[in-house]
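Taking the form predicted on its own, here's one chain by itself in structure tokens.
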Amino acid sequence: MQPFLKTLEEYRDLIPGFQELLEHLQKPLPVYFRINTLKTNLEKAKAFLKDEGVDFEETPIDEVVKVLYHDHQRPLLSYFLGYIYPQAISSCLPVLALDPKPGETVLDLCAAPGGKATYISQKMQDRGFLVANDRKRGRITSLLSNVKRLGITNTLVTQGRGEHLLLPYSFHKVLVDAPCSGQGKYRIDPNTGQVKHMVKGKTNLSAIQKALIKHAFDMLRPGGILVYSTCTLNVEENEEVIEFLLNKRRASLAPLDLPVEHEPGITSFKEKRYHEQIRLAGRFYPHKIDSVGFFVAKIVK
């Protein structure tokens, strides 16, 4: 059995509808488009998509639609005009939890390729100041391209290791969408039973995540908000990282108010016990939301 499937078996008693999850993972990941209201409005963008032959349905997030059909061989003008950004609905949730406002100073510590960073700017109405950072030069190229395509002007793009980033600012809000094992993206080939879309080549993830979240917290202003998120189901990369921060800093979790169904954070796994506050975090399972699996925690300084 592959490591991911072994991990899933460990979570059998913790994931509601576990057999439903296994069946769901044999289906392709659905496509979602986020409408960029900095360049257009929802009604115009939806009409434009229909004119381009895109069939879609509404979702619980106003500016996100679920694509039912479009001709993948035909380039979408709406994309090149910056009207849409292909983005999983679950990927929008950390930004909704962060709740960035116009005029605030915000940091996205691991920003490339820019889905969450550009959504943050959209929620800020392109007002205020956003720092979008990433460590890899190649990913910076795609980040800059998306910032430009979506017509964003309030964003400073920086390159540096997030856990060591030094900036002459403190922030109202910080997002850490941490590098992770990506288990929430995995799919199971129904013919072979093999896991597809595996993320390879990442080591010491938990150590990196802990360094990132601690440094991000230290860059917050008192009373500021930190959102930590991953697209993995792994407890060591999720709840254990939050437990680390609670033990190292004067931090507390805030409840999530999001339009998508979720399960609480796990406070007991194998022989380990975690702080009861971690129940306020959210686990978004693929079969419950028909999207990438995600973990989101909202933390107050």
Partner chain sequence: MPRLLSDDQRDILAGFFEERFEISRKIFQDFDMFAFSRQAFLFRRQPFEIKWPEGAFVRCGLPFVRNVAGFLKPTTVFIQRFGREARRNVLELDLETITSLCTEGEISLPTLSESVDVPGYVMVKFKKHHLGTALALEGNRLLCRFPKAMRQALSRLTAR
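A quick note: this is a predicted structure, and the numbers were derived from the prediction, not measured. Residue numbers count along the first chain shown, from 1.
Only in words, not in the display: the form predicted in complex with its partner chain, which the text now covers.
- Taken together, Phe18, Phe217 and Thr232 are entirely out of contact with its partner chain in the predicted complex: none brings a heavy atom within 4.5 Å.
- Note on contacts: among Glu261, Asp62, Glu52, Asp55, the single residue with a heavy atom within 4.5 Å of its partner chain in the predicted complex is Glu52.
- This chain is drawn without its partner chain; in the predicted complex, the residue among Leu38, Val31, Ile266, Leu245 with a heavy atom within 4.5 Å of it is Leu38.
- At the 4.5 Å threshold, heavy atoms of Asp189 stay clear of its partner chain in the predicted complex, well away from it.
- Put simply, Lys210 is far from its partner chain in the predicted complex: not one heavy atom of it is within 4.5 Å.
- Ile152 belongs to the set of residues with a heavy atom inside 4.5 Å of its partner chain in the predicted complex.
- In the predicted complex, its partner chain sits within 4.5 Å of a heavy atom belonging to Phe48.
- Considering its partner chain in the predicted complex, the lone stretch of 174-182, 222-230, 87-95, 72-80 in range is 72-80 [heavy atom distance within 4.5 Å].
- Interface residues of 149-188, taken as those with a heavy atom within 4.5 Å of its partner chain in the predicted complex (partner not displayed): Arg149, Gly151, Ile152, Thr153, Asn154, Thr155, Leu156, Val157, Thr158, Gln159, Leu165, Leu166, Leu167, Pro168, Tyr169, in sequence order.
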